[in-house]
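Here we start with a single chain on its own, the form predicted alone, put down as structure tokens.
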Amino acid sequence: MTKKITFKVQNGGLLRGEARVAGDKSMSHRSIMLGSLAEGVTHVTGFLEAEDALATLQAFRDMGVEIERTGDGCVTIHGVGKHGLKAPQAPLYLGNSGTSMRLLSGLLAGQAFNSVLTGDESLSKRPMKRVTEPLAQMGADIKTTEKGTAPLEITGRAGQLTGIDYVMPMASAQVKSCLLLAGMYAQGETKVTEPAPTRDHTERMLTGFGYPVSVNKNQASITANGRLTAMTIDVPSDISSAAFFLVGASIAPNSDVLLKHVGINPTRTGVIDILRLMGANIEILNEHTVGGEPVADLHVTSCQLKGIEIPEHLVPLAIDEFPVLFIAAACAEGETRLTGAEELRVKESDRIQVMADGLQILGVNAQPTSDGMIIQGGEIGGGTVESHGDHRIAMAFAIAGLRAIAPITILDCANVNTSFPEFKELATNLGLQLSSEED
């Protein structure tokens, strides 16, 4: 039985100092997957030592890959080659990680063995048809529940997948990545066209491993004619984790924070663009490239944010950061309006409804819509809010304490450890008055 963790935040305070937040989760997942399929030994530094990424690591160990980790973000993967995975002896348990489940479904569809993917209660409610339906068009055999959710029973169809030309109905990096990984095992060419740009870590990392992938505007294509060659990967800090401190330092008067070695991949920087449109003081310093990924230090100081209409083209580039952006909007002068973000309703929780409920409890005028929210900036009060086991909701309301006029209690915060286990320590070191209690 997982322990219940409650966050308690004293109102007020400011953030000062410098920090290096945890490694990028998207890249940590992909480094394990592609390193396992590579020929040779891949060395990873900056790996995110959190439950989601570790679920991916364990899944590949369960498929016969030797992976060593020293616990300080250093991982050594002894690749088995593209066709070297072995049948797991039991279902692969992926905890809370939607990335693991969706990407692995594509990767395992073309193997010579059968597999079953399972997850925790939250993951078992998340929609998987968005990957299983296009995979079925490629010839994959994947059974789900009647609702289209996990467990996923995958019958390996080695040599029987066929490439497709797939136009995605909704922008999703996970769906794109799933189909590209399946395309590595399919006859002919697999093309994926997306309606709006999404994170491109899979394409960049495939290229880094020497596997040919073609990217032309909003279309990526791949064939089975390629091999992966081991490489060294330095995973930058996760901008999704940095976002909590970008918002916190923006809203808390007299704050001044330097966040080191943050990944600023252009498909991920929507949070910076949106905050700057709201008037945030964010400087991008020391820009350089590490393993094909752009990296920089981010310097942020406090300011009075202004409400805006969030441009829809930025929505897919900031999809994971909206819980904390809603907190920014609650502290801004005037109205902030978000549209085009239906995807938020099928994350770890319905992030539109859960954030609106919590903001209303704290006295904020926040009206949910089918695809977003309308927030009138003003005063944040105190109270007890429910995170519904969603780590980003929990951390967002913790940051809200910086501008609240009374303490905030946040229930059901155990899943913060699945994605950002250092959050509490980093936040308190920078000045957030946060404590936690276990039941």
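In case it trips you up, residue 1 is the first one in the sequence shown, and so on. In this text the structure is predicted, and so the values were computed from the model without any measurement.
Absent from the display: the form predicted together with shikimate-3-phosphate. The rest refers to it.
Undergrad: Heavy atoms within 4.5 Å of shikimate-3-phosphate in the predicted bound form: does I361 have any?
TA: I361 lies outside the contact set for shikimate-3-phosphate.
Undergrad: Report yes if any heavy atom of R130 sits within 4.5 Å of a heavy atom of shikimate-3-phosphate in the predicted bound form; otherwise report no.
TA: Answer yes; at least one heavy atom of R130 falls within 4.5 Å of shikimate-3-phosphate in the predicted bound form.
Undergrad: For T267, is any heavy atom within 4.5 Å of shikimate-3-phosphate in the predicted bound form, or not?
TA: T267 lies outside the contact set for shikimate-3-phosphate.
Undergrad: Can you check whether I164 is within 4.5 Å of shikimate-3-phosphate in the predicted bound form, heavy atom basis?
TA: Result no; I164 lies far from shikimate-3-phosphate in the predicted bound form.
Undergrad: Using a 4.5 Å heavy atom cut-off, which stretch among 114-122, 169-177, 205-213, 84-92 contacts shikimate-3-phosphate in the predicted bound form?
TA: Residues of 169-177 come within 4.5 Å of the partner.
Undergrad: Counting only non-hydrogen atoms and a 4.5 Å threshold, tell me whether R30, D320 and K347 all contact shikimate-3-phosphate in the predicted bound form.
TA: Looking in the predicted bound form, the three residues R30, D320 and K347 all sit within 4.5 Å of shikimate-3-phosphate (heavy atoms).
Undergrad: T99, T336, S241, S105: which sits within 4.5 Å of shikimate-3-phosphate in the predicted bound form by any heavy atom?
TA: The residue from T99, T336, S241, S105 that makes the contact is T99.
Undergrad: Considering D234, E343, D357, E189, which brings a non-hydrogen atom within 4.5 Å of shikimate-3-phosphate in the predicted bound form?
TA: Here the answer is residue option E343.
Undergrad: What are the residues of 15-39, in order along the chain, with a heavy atom within 4.5 Å of shikimate-3-phosphate in the predicted bound form?
TA: The stretch touches the partner through K25, S26, R30.
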